[in-house]
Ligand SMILES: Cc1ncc(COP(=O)(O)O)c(C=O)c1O
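For reference, the chain that follows is the form predicted on its own, supplied as structure tokens.
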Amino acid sequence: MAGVPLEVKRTTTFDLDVEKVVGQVTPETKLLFIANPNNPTGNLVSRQVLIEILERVNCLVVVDECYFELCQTTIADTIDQYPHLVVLRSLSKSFGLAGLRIGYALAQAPVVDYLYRAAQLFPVNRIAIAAALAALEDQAYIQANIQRILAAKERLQQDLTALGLRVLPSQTNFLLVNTQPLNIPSKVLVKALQERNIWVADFGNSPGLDPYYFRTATGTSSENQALLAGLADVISHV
């Protein structure tokens, strides 16, 4: 049975407008989906805002926390209080298992029962399960890798800012970068980077964004340096 998605625009600072969100919920609304941190902006919805929404709506509220290990912020501890809350987690990000497509949901037992009924017969393959178990058992490596990523992200943000770009604060492993201070539309910059075999995601003119945004993940030290060198070259020639 097909649903009809409704998008609610965020504020100019990419926060949730609670009144707009709640105002879109009707008796026909089945599910409200909130990415936290948000993608592609990387910012968090505060716990207070999420709880206010949970208190004011009756439909299922799904909060995607696929970057939880990076931001260490969660609403999952309130599941016992809110039977209509579902929290999603992923092993694709911090655990590096993106190609295996494995994650999990947290919810009260009646909701989990319905999820089991709707799931495919074999929703996760054995290789993905084996990899997930191995990743979960090696917490020391995971935590060390997360700290490395966060430190590299901070350095990358500083270096991008030094190039004259505006970088939005991010609670994830990626950065949303605004190119308007240089008066270069993101599509121009992204295309020029591609010609140098450097790939970032163009988000110019995406819903809620103007023509001046691209997103980049935090890579290895050499990858970050290649991005910075490529950007410096592009900026000097545009």
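Because the structure is predicted, anything quoted here is derived from the model rather than measured. We number the residues from 1 along the sequence you see.
This protein has a second form, the form predicted together with the named molecule, left out of what is shown; the following refers to that one.
Picking from 45-53, 176-184, 190-198, 31-39 the stretch near the named molecule in the predicted complex, with a 4.5 Å limit on heavy atoms, gives 31-39. Taking non-hydrogen atoms only, L60 never approaches the named molecule to within 4.5 angstroms in the predicted complex. The named molecule is not drawn, but in the predicted complex it has no heavy atom within 4.5 Å of E69.
Heavy atoms of S92 reach within 4.5 Å of the named molecule in the predicted complex, making it an interface residue. The named molecule in the predicted complex is approached by D64, whose closest heavy atom lies within 4.5 angstroms of it. Between the options R126, R148, R155, R101, the residue in contact with the named molecule in the predicted complex by a heavy atom within 4.5 angstroms is R101.
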